[in-house]
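For reference, the chain that follows is the form predicted alone, supplied as structure tokens.
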Amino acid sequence: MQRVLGRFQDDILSELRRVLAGADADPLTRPFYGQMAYHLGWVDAQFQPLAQPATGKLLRPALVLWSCQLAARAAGADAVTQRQRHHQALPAAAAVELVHNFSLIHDDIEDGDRLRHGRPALWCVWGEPQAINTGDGMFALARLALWESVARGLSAKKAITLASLLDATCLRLCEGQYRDMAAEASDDVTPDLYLDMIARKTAALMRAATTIGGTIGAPASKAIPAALAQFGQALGLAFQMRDDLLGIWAAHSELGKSPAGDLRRKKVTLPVIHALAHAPAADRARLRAIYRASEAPSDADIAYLLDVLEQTSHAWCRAQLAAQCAAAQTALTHACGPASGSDAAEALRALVAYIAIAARA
């Protein structure tokens, strides 16, 4: 996974820095862009560069670039053309990452999360109004970043198509966040409703990333980007399901997870929602009571919840994750064609396999 996510890290970070530097031309607004750089993990709260930047996984822009490489190979592009299309895809990769981070800035405010990658969230340092404005600015910057692809040779028609897709995806993200916040005040969320929510909030941007990469990599093909869209959709659903499983059943600290961490925070995720719909009536009533209580769950509460979820929901959630991983692998096979043995195909298969490990835990 380090190879898969690290392969394009320098390219992605260079492109993101280029986008911010191109906009940061006025000393009066330099702190505005400094807040963006802080959120992206490049600087501290005094806007001084960090010796070890906390940039995150950069998963979504990596999906853009791996999908572009795979599509170009599948379409029969030669080495020179593959490099040209990679160069064209870099602004789109930056745009996708900026959209992701705009949503994180707003999510932290809406969810009351005070930490982001182990540091105070943007709103905790500069206040909610400034954080909202910085998130809005990052959203606008993402849309502007995409147009650089035209200067690098992408046709204006394709760029308009991709811009429309990115805008529609941003709307889907906001719909998903609305559904997520509405679900917090409701006891009536079903597994199907939850899956619809994560399809908007998580899977939509991964689908956009793989579609955009596939479109730039194989601009004359409809089938390759369509298959990569299905791949991104299934991958996004699987990614969130994995997160939900690790949030409860992580055996040790992994990617910020701790055993039963989501239960201690009373986070309503897929295993809990499934148990609320399918556990015996007495268990459903006690589960609701624990989650509605004003105090944090006791160790006895946590042990009880783990027992109920293990008996009712663990196997079902693992099966759902495995099904989405299988769907992702099938879609990837359809996208590959003659590129089935390429580095890009192997990288994307490895990503699915990594996510699928949680289905066997």
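Just so it is clear, the model here is predicted, and its values are computed rather than measured. We number the residues from 1 along the sequence you see.
This next part talks about the form predicted together with another copy of the chain, which is not shown.
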**Item:** Contact assignment for another copy of the chain in the predicted bound form, among P219, P259, P191, G137, heavy atom within 4.5 Å
**Value:** G137
**Request:** Have a look at A159, L287, A277, C124 for me and say which one sits with a heavy atom within 4.5 Å of another copy of the chain in the predicted bound form.
**Result:** A159
**Prompt:** So in the predicted bound form, does A23 come within 4.5 Å of another copy of the chain, heavy atom to heavy atom?
**Reply:** yes
**Asked** If you check in the predicted bound form, is R143 within 4.5 Å of another copy of the chain, heavy atoms only?
**Response** yes
**Prompt:** Might P53 be said to contact another copy of the chain in the predicted bound form, defining contact as any heavy atom within 4.5 Å?
**Reply:** no
**Prompt:** Applying a 4.5 Å heavy atom distance criterion, does L28 contact another copy of the chain in the predicted bound form?
**Reply:** yes
**Request:** Tell me the stretch among 202 to 210, 151 to 159, 84 to 92, 235 to 243 that has any heavy atom within 4.5 angstroms of another copy of the chain in the predicted bound form.
**Result:** 151 to 159
**Request:** Would you confirm whether the three residues Q9, W42 and G118 all fall within 4.5 Å of another copy of the chain in the predicted bound form, going by non-hydrogen atoms?
**Result:** no
**Asked** Out of 155 to 180, which residues reach within 4.5 Å of another copy of the chain in the predicted bound form, heavy atoms considered?
**Response** A156, K157, A159, I160, A163, S164, D167, A168, C170, L171, R172, C174, E175, Q177, Y178, R179
